[in-house]
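Before any questions on binding or motion, here is one chain by itself as structure tokens, the form predicted alone.
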Amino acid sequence: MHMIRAAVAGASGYAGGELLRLLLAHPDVEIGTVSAGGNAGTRLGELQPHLLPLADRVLAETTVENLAGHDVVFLALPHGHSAEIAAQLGEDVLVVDCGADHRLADADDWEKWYGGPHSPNWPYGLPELPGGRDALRGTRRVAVPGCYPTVSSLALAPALVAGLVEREVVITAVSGTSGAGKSPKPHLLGSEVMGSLSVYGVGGAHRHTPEIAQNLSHATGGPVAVSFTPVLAPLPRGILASCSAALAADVDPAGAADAARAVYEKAYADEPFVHLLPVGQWPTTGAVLGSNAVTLQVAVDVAARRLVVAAVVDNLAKGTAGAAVQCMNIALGLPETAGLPLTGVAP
């Protein structure tokens, strides 16, 4: 098979840099154009010094002309900037959008949460959800999920699909600062975040809420209500999501823990990147740092009649760039795990 030539737009940002890190290790990919907006004309090594093999590359402008002629184009651009470029790339090109432009099926949801005209939704890049892989095979357009929806959906979908819990879920997810992007923001200064936790997007105000609800509702064939609270933590990358839902009325709390474990073991037994931990071991963000893995654990609060699922993900790897590479592999018929590490970086 010939080497796949890939372009990365938005290469100066966190997601773009992580894409390049993973693509450098991919056995079937050669990296073509790397582009940026305001950083065009700058050496990549000045902005992504960890990418030594690409340090002398000069960032091109993000234009259709510079991105054309590749087998795959990854768009790691701010929300609202991908659709116009993608519409001008040929249907023979695999376009993988790491932004939100093509994630939401409902136009009203898009206008409410993001604003501007709604773009058609594309095959959704979370293959571990029911029917996910089938939608990605052979496609030439992929919408990469948001990081919070990735970990939350994988944490809750098996229990909802099995009818183990009611269709109202509560999610509290703690995330590192890289999820907000690389642009300077006063509230993300080191002196603001070090030694402090803060909530944001409270009361159903975070943009990922409708995406989580869309995923869980699609997986289960009916509406799922989502209460989502994100928490900013003083770490660069990683998400820990604590997800819970009331046990279904016909589920005996005394046997629910064993039932839940059986459900999750079956759901993820053959998944290369989603791992249910042994009983008594709880997930940590440090264990998945730099990897494409999601680890999770389930428990039942018998007194409260609630299932609790804790799950972790590296928001820049499986939460964004790793998912993009995984979807490329599926769409092009490559081994799904190609170029994607299962091992984290520790300590």
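Just count from 1 along the sequence shown to find any residue number. Because the structure is a prediction, the values reported are computed rather than measured.
Unshown form predicted in complex with another copy of the chain; subsequent notes refer to it.
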{"item": "Residue contact check: Ala248 to another copy of the chain in the predicted bound form, 4.5 Å heavy atom", "value": "no"}
{"item": "is_contact(Gly69, another copy of the chain) in the predicted bound form, heavy atom dist at most 4.5 Å", "value": "no"}
{"item": "Heavy atom of Gly32 within 4.5 Å of another copy of the chain in the predicted bound form", "value": "no"}
{"item": "Touches another copy of the chain in the predicted bound form: Gly203 (any heavy atom, 4.5 Å)", "value": "yes"}
{"item": "Contact segment among 236-244, 115-123, 132-140, 78-86, judged by heavy atoms lying within 4.5 Å of another copy of the chain in the predicted bound form", "value": "236-244"}
{"item": "Every residue of Gly38, Pro253 and Ala259 near another copy of the chain in the predicted bound form, heavy atom within 4.5 Å", "value": "no"}
{"item": "Stretch 279-310: residues contacting another copy of the chain in the predicted bound form, 4.5 Å heavy atom cut-off", "value": "Gln281, Trp282, Pro283, Thr284, Thr285, Gly286, Ala287, Leu289, Gly290, Ala293, Thr295, Ala299, Val300, Asp301, Ala304, Arg306, Val308, Ala310"}
